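Single chain ahead, by itself, as structure tokens, in the form predicted alone.
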């Protein structure tokens, strides 16, 4: 009798997830961590914002879950990271829609769409397709819990709503967008409540995620903290 060797399934590229609410610095931290590791990046929140832009152009209301899910499966999205790592340009069908994505209105609509189960399911395959060698840094709200539950590195960033509102205010002012701080704080609190209480993929840390409170901490310190944990894990593995 001839023995047959068991075939091993191909090992998936590693993923580092960074989840957390709006305004904790997920995007900036992700870009810098990915740059240091030489990995790809995924801004999952931008996918929902692109969907918000696309749905507005096609006059699809946020209440039409099935039509939005169909649109979500069809949108063509491309990311282009700026050389200085200061930002990511986002393209919908080869058109730069980044300015539209930055508005608070777009963010609110995207958050409403993210609560729709069919929409989240439609975007799941698109998000997982970003998992390519040598690795992926993915930021969002359910990267470590739903999209990449097997990720070897998981982080959840937090910060007080007041600090997050101040960060967002400064960021938008620098981009020349006129906003009111009190309005930003209200929108952040409302989005937090909606994201954390939704029945599908609520905003919660993965059970095996490292939680980092970024209140009063610089972006550089957060990046260093994450990279040190990755290095420690990699050193133990070898």
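Being a predicted model, the structure only gives us computed values, none of them experimental. Residue numbers count along the first chain shown, from 1.
Heads up, the form predicted together with a small molecule isn't pictured, but that's what we're talking about next.
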Between the small molecule and 39, 131 and 137, in the predicted complex, does every residue show a non-hydrogen atom at 4.5 Å or closer?
no
Proximity to the small molecule in the predicted complex (heavy atom, within 4.5 Å), stretch among 105-113, 92-100, 77-85, 157-165:
105-113
Heavy atom to heavy atom, is residue 48 within 4.5 Å of the small molecule in the predicted complex?
yes
According to a 4.5 angstroms non-hydrogen atom cut-off, is residue 44 in contact with the small molecule in the predicted complex?
yes
State yes or no: in the predicted complex, is some non-hydrogen atom of residue 56 no more than 4.5 angstroms from a non-hydrogen atom of the small molecule?
no
Answer with yes or no whether residue 32 is in contact with the small molecule in the predicted complex, where contact means some heavy atom within 4.5 Å.
no
